[in-house]
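Next up: a single chain in structure tokens, the form predicted alone.
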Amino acid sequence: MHSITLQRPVTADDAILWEEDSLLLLDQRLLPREERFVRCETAAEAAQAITAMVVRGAPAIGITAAYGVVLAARDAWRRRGNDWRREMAGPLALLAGARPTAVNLGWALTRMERLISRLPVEENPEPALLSEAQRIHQEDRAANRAMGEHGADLIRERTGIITHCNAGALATGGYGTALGVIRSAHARGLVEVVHADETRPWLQGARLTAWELVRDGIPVLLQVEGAAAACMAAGGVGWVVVGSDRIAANGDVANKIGTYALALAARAHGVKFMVAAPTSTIDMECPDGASIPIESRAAEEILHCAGSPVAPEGTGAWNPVFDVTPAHLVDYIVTERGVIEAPDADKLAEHMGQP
């Protein structure tokens, strides 16, 4: 991977680009100070970008993985010609292991693998796989637009909204899931202000959500997540709107650590709790939240801030990246297909077209 700067203005919808036969990823670790891109020319580099948090957010991770398959196929064709398919197993496994919680990663790879199995071995697979990756990218962007409208339909009066982490254009193929709902609601004049949790330890709310909302002219107030309950108690907040990295078949929701506490506070204060996520995030093979693999990351992420230690030497740390919000605390799950109210296993099965 190497870093480049685009010679044009950058928007949140530019987070994932395919240009000049390579994958460009807006380096979200540097925002909002710098708007630089990482160029990935191999599947290993795409996997490294996912693991290193250059790109994050479940839909964006899936899209990046799809483009990673394209890069793997290019290399395999150049190296092995008609035996290219044999060379794909290693890169596919590397991409699959990049981050365990986001189900969109496996969903996108499965879709690409199905196409791989149908392609003739005597032809260069790159063009067909590139078309499929671009289709996944565009479908996600269109799904987010539809999701935004479905979610905005639920918000009946002008109010404040709390959101957690970043579920915007940066985390998706464009427009966003939770921020897609907020964007659509704002266009209808329904958003008084967005309270963005700062989201330790990577500060996605402070660095990314605030960056997106300020650029869109949507009023935003940054708060530490510990202030959310007091914010609700003060009044003026009608909704919590968040995204998800995986939704189990019974409606349990895995999202950025701190979401569960936000749902508990919302229920205690009579604030509605909405989860916005594409159907590719719903894992019907996962029966409940206890079955969702929860990623843990290095202790240094919470023992340090901006490179400086914030705890005495010898302090341990517990650093799960996600938590699980039980379905009974979720008022609505919103997908590109519509709304699931008070989600449970039967309603999710019906929504997904399964008996």
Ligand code: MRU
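All values derive from a computational prediction rather than experimental measurement. Start at 1 and count along the sequence shown; that's the residue number.
The discussion below concerns the form predicted in complex with this ligand, not included here.
Engineer: If contact means a heavy atom within 4.5 Å, which one of 261-269, 158-166, 118-126, 87-95 is the stretch that engages this ligand in the predicted bound form?
Structural biologist: This holds for exactly one stretch, 158-166.
Engineer: Of these, His186, Arg99, His195, His137, which has a heavy atom no more than 4.5 Å from this ligand in the predicted bound form?
Structural biologist: Answer to the contact question: Arg99.
Engineer: Out of Ile182, Ala171, Leu105, Val240, which one falls within 4.5 Å of this ligand in the predicted bound form, going by heavy atoms?
Structural biologist: Contact with this ligand in the predicted bound form is made by Ala171 alone.
Engineer: Does every residue of Met53, Ser244 and Lys256 put a non-hydrogen atom within 4.5 angstroms of this ligand in the predicted bound form?
Structural biologist: Yes, because Met53, Ser244 and Lys256 each have a heavy atom that approaches this ligand to within 4.5 Å in the predicted bound form.
Engineer: Taking 4.5 angstroms as the cut-off for heavy atoms, does Ala46 touch this ligand in the predicted bound form?
Structural biologist: Ala46 lies outside the contact set for this ligand.
Engineer: Can you work out whether Ala66 and this ligand are in contact in the predicted bound form, taking contact to mean some heavy atom pair no more than 4.5 Å apart?
Structural biologist: Flag for Ala66 set to no.
Engineer: Any chance Phe37 has a heavy atom within 4.5 Å of this ligand in the predicted bound form?
Structural biologist: Contact with this ligand, no.
Engineer: In the predicted bound form, does Gly62 come within 4.5 Å of this ligand, counting heavy atoms only?
Structural biologist: Residue-level check for Gly62: no, no contact with this ligand.
Engineer: What are the residues of 307-338, in order along the chain, with a heavy atom within 4.5 Å of this ligand in the predicted bound form?
Structural biologist: Contacts from 307-338: just Phe322.
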